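In structure tokens, one chain follows: the form predicted on its own.
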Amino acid sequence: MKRLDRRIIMDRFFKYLVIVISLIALMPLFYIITSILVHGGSTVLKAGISFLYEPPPSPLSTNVGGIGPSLLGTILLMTITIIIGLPLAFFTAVLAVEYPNSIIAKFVGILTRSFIEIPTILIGVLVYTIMVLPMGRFSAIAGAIALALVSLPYMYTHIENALASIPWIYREAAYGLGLTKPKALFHIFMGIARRGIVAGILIGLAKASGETAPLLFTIGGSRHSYFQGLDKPIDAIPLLIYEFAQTPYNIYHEVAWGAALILLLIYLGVFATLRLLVKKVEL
């Protein structure tokens, strides 16, 4: 009985120890979120709804202004990034799963995963060299391509794992019915692996939309004018936060806090929407 009591005590001790350590590990995250909510919320309440569509203020202004061009630029960059990056990640993952012994599949898989190890600022320099310099100006499409390269390995890894985790019995059943690989992929396999695919999209999107380094060399930071074309400069919230946080002007610090809150809400909104739309698949 004493030995049993000791086991129960040790079990509860380690359970509560894990809970305490987890809370300690999460404290920095809670602190960051709380700071953004407090300071950013104060800015947004002060500016009102106009914070979402007005341009930033001048350095000596008493009016908070807004992040309209930066918000629109972020939404456009996220959209174009998914349009460019998702097909590349998806078909690369399909190539790796369906034709694993192919030399091309192995090479592309290694090349894609290697992008995780490359600093994102180097990706920005690469796109600057091959796109911005030849075009002679910064542009939205250059920024989207840089972000697509940043998000590519994350989307590829999750989509590949999702497709590879499908039990072989389902593949045999699909091929036994006479389905070709493309039909089996789009009609059966994607439905089974959709949670992993959406998780890859979400993680890649979150990684790309919070990046600043690639945007320093690609989009130009045109935050006082709205979208004028894919071949024209554009702004994004991460770039605005990075530049405004380094200035000595208090009004710019307020705008940066408000922009951080909007970016956080975008993350939470995308995550919540995808979680609601994609249900769990029981195998």
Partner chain sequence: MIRNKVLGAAIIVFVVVATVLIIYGLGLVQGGSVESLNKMVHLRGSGATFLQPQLEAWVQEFMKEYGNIVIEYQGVGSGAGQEQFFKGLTDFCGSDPPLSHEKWLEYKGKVLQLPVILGAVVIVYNVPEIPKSVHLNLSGEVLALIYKGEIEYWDDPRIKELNPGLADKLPHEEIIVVHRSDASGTTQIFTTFLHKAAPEIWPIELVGKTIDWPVDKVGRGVGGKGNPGVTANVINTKYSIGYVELAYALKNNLTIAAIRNREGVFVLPSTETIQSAAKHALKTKLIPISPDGDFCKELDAIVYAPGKNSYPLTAFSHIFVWKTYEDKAKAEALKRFIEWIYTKGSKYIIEGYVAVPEEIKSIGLKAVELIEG
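As the structure is a computational prediction, the values presented were derived from the model and not from experiment. Positions refer to the first chain, counted from 1.
Unshown form predicted in complex with the partner chain; subsequent notes refer to it.
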Would the partner chain be touched by all three of 53, 194 and 217 in the model of the complex, meaning a heavy atom each within 4.5 Å?
yes
4.5 angstroms heavy atom contact with the partner chain in the model of the complex for residue 29
no
Within 4.5 Å, heavy atoms only: does residue 186 come near the partner chain in the model of the complex?
yes
Residue 137 versus the partner chain, in the model of the complex: is there a non-hydrogen atom within 4.5 Å?
yes
Is residue 255 near the partner chain? Define near as a heavy atom within 4.5 Å, in the model of the complex.
no
Looking at 107-115, 144-152, 194-202, 157-165, which one sits within 4.5 Å of the partner chain in the model of the complex if you count heavy atoms only?
194-202
Checking 84, 132, 94, 213 against the partner chain in the model of the complex, the residue with a non-hydrogen atom inside 4.5 angstroms turns out to be 132
Can you name the residues of 219-243 that have a non-hydrogen atom within 4.5 angstroms of the partner chain in the model of the complex?
220, 221, 222, 223, 224, 225, 226, 227, 228, 233, 239, 243
